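Just one chain is shown here, as structure tokens, and it is the form predicted alone.
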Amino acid sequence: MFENNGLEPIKKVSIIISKGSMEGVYPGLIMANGARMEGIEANLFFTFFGMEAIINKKMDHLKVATVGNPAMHMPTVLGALPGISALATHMMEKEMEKLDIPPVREFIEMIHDAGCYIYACKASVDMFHLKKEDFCKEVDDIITVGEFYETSAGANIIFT
């Protein structure tokens, strides 16, 4: 059993997702889901390439980054070979399936249904020339960094 040593329990988290690879998106989704399962208020803020996870045309096609990823334990040149990223992605999806971790679209829907608020970063949306209709229906709003901080008042902010 976890003991918090007399510290105040966490009541609210705001999680920033800025990377669009599978290993960049899933940690934030898992943390948000865990927060909601524990009754902790949760916000997800997608910025820069993290928005790949909430863009309708892209969210079902996230890949494992094999180039420049030291955790892959392979030379960069091997990670760049055709098909290596697809193979790594397939292997990761199989392992996640064994653990009953849902695909991104389903996971985002599940987290949102559990009460997690989902936001896209306005500066990134503008930079990539996106519109509200480009995003999945679970995106609650497109907000500025200042609005993110207002929404996150009293929260622990986590950058994945």
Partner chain sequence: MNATIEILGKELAIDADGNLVNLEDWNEEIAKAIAKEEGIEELTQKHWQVINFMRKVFAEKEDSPSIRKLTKESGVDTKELYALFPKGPAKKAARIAGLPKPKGCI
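Note that the structure is a prediction, hence the values are computed from the model and not measured. Residue numbers count along the first chain shown, from 1.
Only in words, not in the display: the form predicted together with its partner chain, which the text now covers.
- Considering its partner chain in the model of the complex, the lone stretch of 128-136, 43-51, 58-66, 96-104 in range is 96-104 [heavy atom distance within 4.5 Å].
- The three residues I30, N33 and M37 all sit with a heavy atom within 4.5 Å of its partner chain in the model of the complex.
- Within 4.5 Å of any heavy atom of its partner chain in the model of the complex lies no heavy atom of M91.
- The shortest heavy atom separation between A123 and its partner chain in the model of the complex exceeds 4.5 Å.
- Contacts with its partner chain in the model of the complex, taken as any heavy atom within 4.5 Å, map within 109-144 to M110, D113, A114.
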